[in-house]
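Quick setup: one chain, the form predicted on its own, written in structure tokens, and binding and motion questions come after.
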Amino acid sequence: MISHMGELEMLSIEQVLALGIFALMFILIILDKVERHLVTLGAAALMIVVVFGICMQDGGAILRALNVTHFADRSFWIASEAETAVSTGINWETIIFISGMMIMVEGMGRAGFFKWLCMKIAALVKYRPIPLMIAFMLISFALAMFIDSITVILFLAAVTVELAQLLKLDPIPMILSEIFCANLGGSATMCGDPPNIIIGTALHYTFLDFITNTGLISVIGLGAVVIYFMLVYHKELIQEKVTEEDIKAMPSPQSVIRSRRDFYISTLIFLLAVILLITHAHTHLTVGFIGVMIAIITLLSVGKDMRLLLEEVDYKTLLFFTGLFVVVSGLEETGVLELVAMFIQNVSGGHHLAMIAIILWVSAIASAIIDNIPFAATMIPVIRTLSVSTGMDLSLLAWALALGTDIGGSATPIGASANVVGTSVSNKNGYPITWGKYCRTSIPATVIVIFIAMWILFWYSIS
């Protein structure tokens, strides 16, 4: 403890200021009184002017933080196996990829794809409560592997409420299970959740790297979670009955399709995106290139509605990412994150299994109470330093970070954006989900999956 206090006392002025700006940013994000993109942009401006400019007087640090020259690199668009350098500062590849996927998803939503899929699956299981809940959990997991979990829950929760009202069912058990499965599905692939996109692009991991590691763990976790939710809500689901009259009153899946042309085109674009992501390790197309390609194809397909589609892009989230990357760059440039890595190394005693457990559980607990995106972005340079200093396999620390941030966010109503969206949809439609009701089911489910992830990562480490 004394040695750690000594380290804190020896912090330089730029390290103290960088930590202060970062802490202020985090507090304001948690308080949620100011829009979070304004918070990160303000913190980024302070980092550039005060830390890089006034204290360090380092123009190179500013250029590295903004990272604008990265666009001119061939590796930004076409990856090369020979290039292993890790860029710092604003991760433009992440921002561009998320922008492209936002445009694609908006096009799919306008065509009625998501509602059609939900209604089609519901009809296939004949609207029976238990099969319906399991089917929607699987849909939530599968869609969140490729589409942002916020979008998945936005559509899925709305359709769930609509079905519940027509069938006279309680939608809360289904919504809670869908939220958890969306976060779990997001942990399975590189493009599932923003933390994974950030980790993958920063550390040069591919879609296949994720799906063969975090994907396997997520699928095993999904099996455990389906059993868990069935045990928790089994009695309620058995008591709910759906009559033939209720089923006859249901709209047909085809009736929700707004335009058959747009529906087929948006489906083909989605399949193209999936193929490009699965094969990008072989084609060497970066996710930034894929994002641009998918956005252009989607915009061309909608024709005169191009402007409307662009207006629906969540620019505030993109600005949030931009400011966040600059702030994290400040912690990296001043050496603060290296001190954090040394602290974790000292606490773990350099033992690899202990480091995996610390990264996994700290990520999970932190993500249950704070936004998992800034936490993941902050921890990437930390695990990179840990890997170099201890000889630990970087990929194991990366998988621990990804799984901890993605799954840990499921534990509380504010742990992830999908949780906020799902509970809001339920509350607005007259089905209130309190903190107690949410946490009673989701915290045990989170602990179960984190334990599963930990033991599998331990097995990866010793095998």
Partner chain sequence: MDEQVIIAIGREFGSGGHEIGKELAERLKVSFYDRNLLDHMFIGAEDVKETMREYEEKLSHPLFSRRVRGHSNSLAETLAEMQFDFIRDKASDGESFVIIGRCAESVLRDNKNLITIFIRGDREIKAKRVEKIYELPERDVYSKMDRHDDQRKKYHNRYGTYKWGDSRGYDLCINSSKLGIEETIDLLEDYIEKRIEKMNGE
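This one's a predicted model, so the numbers in the text were calculated from it and none came from an experiment. Residue numbers count along the first chain shown, from 1.
Same protein, other form: the form predicted together with the partner chain, not shown, and the subject of what follows.
- Among heavy atoms of E332, none comes within 4.5 Å of the partner chain in the predicted complex.
- When the partner chain is considered in the predicted complex, I383 lies well away from it, no heavy atom lying within 4.5 Å.
- Residue contact check for S417: one or more of its heavy atoms lie within 4.5 Å of the partner chain in the predicted complex.
- In the predicted complex, the partner chain sits within 4.5 Å of a heavy atom of D314.
- Listed stretches are 46-54, 399-407, 427-435, 61-69; the contact stretch with the partner chain in the predicted complex is 427-435, by a heavy atom cutoff of 4.5 Å.
- Residues M102, D148 and V421 are all found to lie within 4.5 Å of the partner chain in the predicted complex, as judged by heavy atom distances.
- Within 4.5 angstroms of the partner chain in the predicted complex, the stretch 152-177 places a non-hydrogen atom from L154 alone.
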